[in-house]
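Taking the form predicted alone, here's one chain by itself in structure tokens.
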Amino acid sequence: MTTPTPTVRLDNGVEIPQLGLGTARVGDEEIRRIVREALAVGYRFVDTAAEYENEVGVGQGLRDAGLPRGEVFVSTKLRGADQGYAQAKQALTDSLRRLQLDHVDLYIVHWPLPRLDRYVESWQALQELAAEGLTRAVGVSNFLPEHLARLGEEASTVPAVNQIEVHPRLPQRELRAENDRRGIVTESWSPLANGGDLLTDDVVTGIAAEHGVTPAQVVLRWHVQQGLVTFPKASSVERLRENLDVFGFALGEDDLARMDTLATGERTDPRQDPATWEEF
């Protein structure tokens, strides 16, 4: 039997499940099925984004599952094309319409897009959206220390989360420490490094064999054991169950030390440096 998913408390007291479902690059019809099946096997956190263009399917999957609204944590994100004060306010209204929800639990600025230079006014809009009850918490994604520092200087609240690419190849220790210093919860996207060679690495497969689990479970346990919130993707019920079942074992200090040797500093997509990446 799968151990219940623990939660992490955000700075405003809202509780977020530590492991959820990622939905990037999956179309409406397929994600509707996946969300329905994920909720049926025990997931209570679904992460999507306007940029993924599947909020309609996510919303349909949520309705298909038939769970009370308060039992499922839903997050979505502000796309780059909608950054700006007025645009951000309208963007959440549009996301809620597509999701067929009256609020989300977490609304996130997807990328800082520093050349556009609208992330501060976008953040100010998100703070107001939270005050209006359209989202229970607000956060950012892919923000570097300099972006967080500017928000700290020009805004009245701190992001509840900073969703960044984290996995054993890219542990992001310095940025995670900066998040911690500011009271920001770190969420890991691409937690399995898109699969790739990470899940076939001798270190990961060796630890998996020693614990009687799969390589993916070892990597996901690495995330949650460090207090990170994460949301791997999966398409089959078997893999959905497997990804959720990581709370019944623990990695030892030696395991963690061996995992540390996997760090290369490489992103899954080298172009996606938040200092320069543009996604609209």
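Keep in mind that this is a model prediction, so the values were computed, not measured. So that there is no doubt, residue numbering starts at 1 and follows the sequence shown.
Below: the form predicted in complex with a small molecule, not depicted.
Per the 4.5 Å heavy atom criterion, the small molecule in the predicted bound form is contacted by stretch 106-114, the sole one of 106-114, 148-156, 86-94, 202-210. The partner is absent here; in the predicted bound form, the one residue of T135, S122, Q163, N179 having a heavy atom within 4.5 Å of the small molecule is Q163. Contact with the small molecule in the predicted bound form holds for none of P4, E15 and R44, as no heavy atom of theirs lies within 4.5 Å. For the chain shown alone, W189 is a contact residue for the small molecule in the predicted bound form, at least one non-hydrogen atom being within 4.5 angstroms. Interface membership of G183, defined by any non-hydrogen atom within 4.5 Å of the small molecule in the predicted bound form, is ruled out. In the predicted bound form, no heavy atom of R32 sits within 4.5 Å of the small molecule. Among residues of the shown chain, A24 is one whose heavy atoms approach the small molecule to within 4.5 Å in the predicted bound form.
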